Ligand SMILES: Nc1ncnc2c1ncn2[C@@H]1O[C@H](COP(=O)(O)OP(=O)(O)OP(=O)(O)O)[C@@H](O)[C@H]1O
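A lone chain, given as structure tokens: the form predicted on its own.
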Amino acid sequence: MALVELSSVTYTYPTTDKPALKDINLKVEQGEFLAIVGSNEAGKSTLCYTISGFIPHFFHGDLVGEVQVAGLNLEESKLNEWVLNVGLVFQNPFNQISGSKFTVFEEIAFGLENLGVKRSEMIERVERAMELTGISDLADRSPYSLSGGQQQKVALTSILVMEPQVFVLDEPTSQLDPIGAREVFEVIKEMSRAGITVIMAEHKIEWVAEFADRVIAMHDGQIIIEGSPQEVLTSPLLPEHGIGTSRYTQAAKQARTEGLFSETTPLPVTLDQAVAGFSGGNHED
């Protein structure tokens, strides 16, 4: 059985008539890095909120279908039970800083304190989580003295230390510069390698292409295509539904119309694939 499974899920927000999600069927395996792409109002954030339990326990509304994580049923579980298995990271890391702690170390330990975890175990878990996300050197800094990328790493670590089975991230790099975005993506990929399941909504197609294991594209509350980054991010369905594609894909398409990129070479989605394609080499899907 998949770690995360949604079966015929349709959701409508309160005071609205149009469903934000329509008949979603999705399975995510343990340790998989799944990326969700789509234009604005495609349903990406709503899907994240549903998997993380904020729908229906916080936003309410009308939820039809079944959502399961680690064998638990969403509607039969309370939110405080659900979040032990699923952690949610928002777009703006500032929104996840408690404001009650003076150092990064204390901020990361905050959730464990609320659970009554023993001090010795708490220290060990915080140190281990900070090492995995590469922010051990920030332990004594104020959370408010950090860059946006560093704050997002702290937000990630604050969820990681709780040891959920699933990480859900709603466009975590939307407010970061390219350097900060790469740093956060590398941390997320390292978490995935450590066996943590990652589900992330993201607009930055180049990063999705480089780091995700599987991609789903959404439009108008529905999944229109899913598969490998190569399959999804080069699909003509994306531009047809207002979804951006990689600059490398766009360049290769234009070059192909001018006879400069082989018709038999798969369109690239990463820089390495583009270099191989334009030089006449082959790249793996």
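Start at 1 and count along the sequence shown; that's the residue number. None of the values given here were measured: they were computed from a predicted structure.
Keep in mind the form predicted in complex with the ligand is missing from the figure; the text below concerns it.
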item	value
Contact segment among 236-244, 253-261, 36-44, 22-30, judged by heavy atoms lying within 4.5 Å of the ligand in the predicted complex	36-44
Partner proximity in the predicted complex: Glu206 to the ligand, non-hydrogen atom cutoff 4.5 Å	no
Exercise: Glu171 in contact with the ligand in the predicted complex, heavy atom 4.5 Å	yes
Interface membership of Phe58, the ligand in the predicted complex, 4.5 Å heavy atom rule	no
The ligand in the predicted complex - contacting residues of 229-250, heavy atom within 4.5 Å	none
